[in-house]
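As structure tokens, one chain now follows by itself in the form predicted alone.
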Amino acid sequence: MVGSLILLWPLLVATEFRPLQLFDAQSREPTLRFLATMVPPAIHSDFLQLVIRESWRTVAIATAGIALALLVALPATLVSVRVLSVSALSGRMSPAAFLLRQGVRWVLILLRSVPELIWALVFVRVVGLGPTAGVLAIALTYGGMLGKVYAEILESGDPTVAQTLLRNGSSRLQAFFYGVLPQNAAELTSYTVYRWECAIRSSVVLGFVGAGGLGQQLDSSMKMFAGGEVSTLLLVFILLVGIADFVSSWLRRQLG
């Protein structure tokens, strides 16, 4: 415990972590005033219609982003995994195949090392405000994440069937669909569903930089100090994440 505090203290000093500022009079009074405006939540019909539309848009951003991420991750996985390499059957991968495999892996590292929030800021400048920036941001970051984890899942499985198929003249795709995918399908699907759940949460955060959905509306309501609207949006967001978590858990149980 003492050792942990000794290690943690320089980090707290470096980050200028001062939690007592939350209880300072200058911080406490405006905070309490804003919290008071959050009760009761805004429930007028026009606003609720807007919330429903933005909630659907948030789910659509996450789902479209994951779909595009799969278009990035699946080909990259097929190229980067050693278990599907024809040249590696002899025990040593050819230099060209090795360089291609490493190049794809570095691309995946680049994609996932840049947070989706940064990608969203870039795409907002390129394509303007709206859901397109959010979809592209999720697609790139999650494409890198999915590609990395998919490759690790496939590499950890039993390569015997895939290698036998490759030695008998099967293509890389045939070896994937008949040798690797059947034994790893449940784990791959489970991780994909989990990432979709995470993408829903990310899509709300991306809205704060103009990428559409609930986040953009929440940012607008906060800037207008509309506490009732903020309260409603937060409640809907919690409900949305809860539904996504339920769907994700249900799908994992079906796959298990």
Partner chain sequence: MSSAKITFQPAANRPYRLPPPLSGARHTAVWFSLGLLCLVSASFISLDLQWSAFFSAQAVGGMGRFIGEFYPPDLSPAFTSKLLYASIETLAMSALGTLLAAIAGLALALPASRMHTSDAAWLRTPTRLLLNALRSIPELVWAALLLISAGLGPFAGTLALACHTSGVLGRLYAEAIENAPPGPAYALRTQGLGGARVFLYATLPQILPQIISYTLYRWENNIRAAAVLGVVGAGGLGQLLAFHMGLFQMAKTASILGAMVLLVVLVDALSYGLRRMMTR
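Basically, rigid core = biggest C-alpha set you can superpose within 1.5 Å across the two forms. On a predicted model such as this, the values are computed, not experimentally measured, just so you know. Residue numbers count along the first chain shown, from 1.
Another form, the form predicted together with its partner chain, is not on view; read the next lines as being about it.
Contact check for Phe17: a non-hydrogen atom falls within 4.5 Å of its partner chain in the model of the complex.
Within this chain, Arg125 lines the site of its partner chain in the model of the complex, having a heavy atom no more than 4.5 Å away. The closest heavy atom approach of Arg101 to its partner chain in the model of the complex falls outside 4.5 Å. Of the heavy atoms in Leu146, none are within 4.5 Å of its partner chain in the model of the complex. When contacts are defined as a non-hydrogen atom within 4.5 Å, none of Ala97, Tyr142 and Ala185 contacts its partner chain in the model of the complex.
Heavy atoms within 4.5 Å of its partner chain in the model of the complex belong, among the stretches 72-80, 117-125, 166-174, 153-161, to residues of 117-125. Contact annotation for 55-83: residues with any non-hydrogen atom within 4.5 angstroms of its partner chain in the model of the complex are Trp56, Arg57, Ala60, Ile61, Thr63, Ala64, Ala67, Leu68, listed in sequence order. In this overlay on the rigid core, Leu22 has a C-alpha that sits 2 Å or more away from its partner position between this form and the one not shown.
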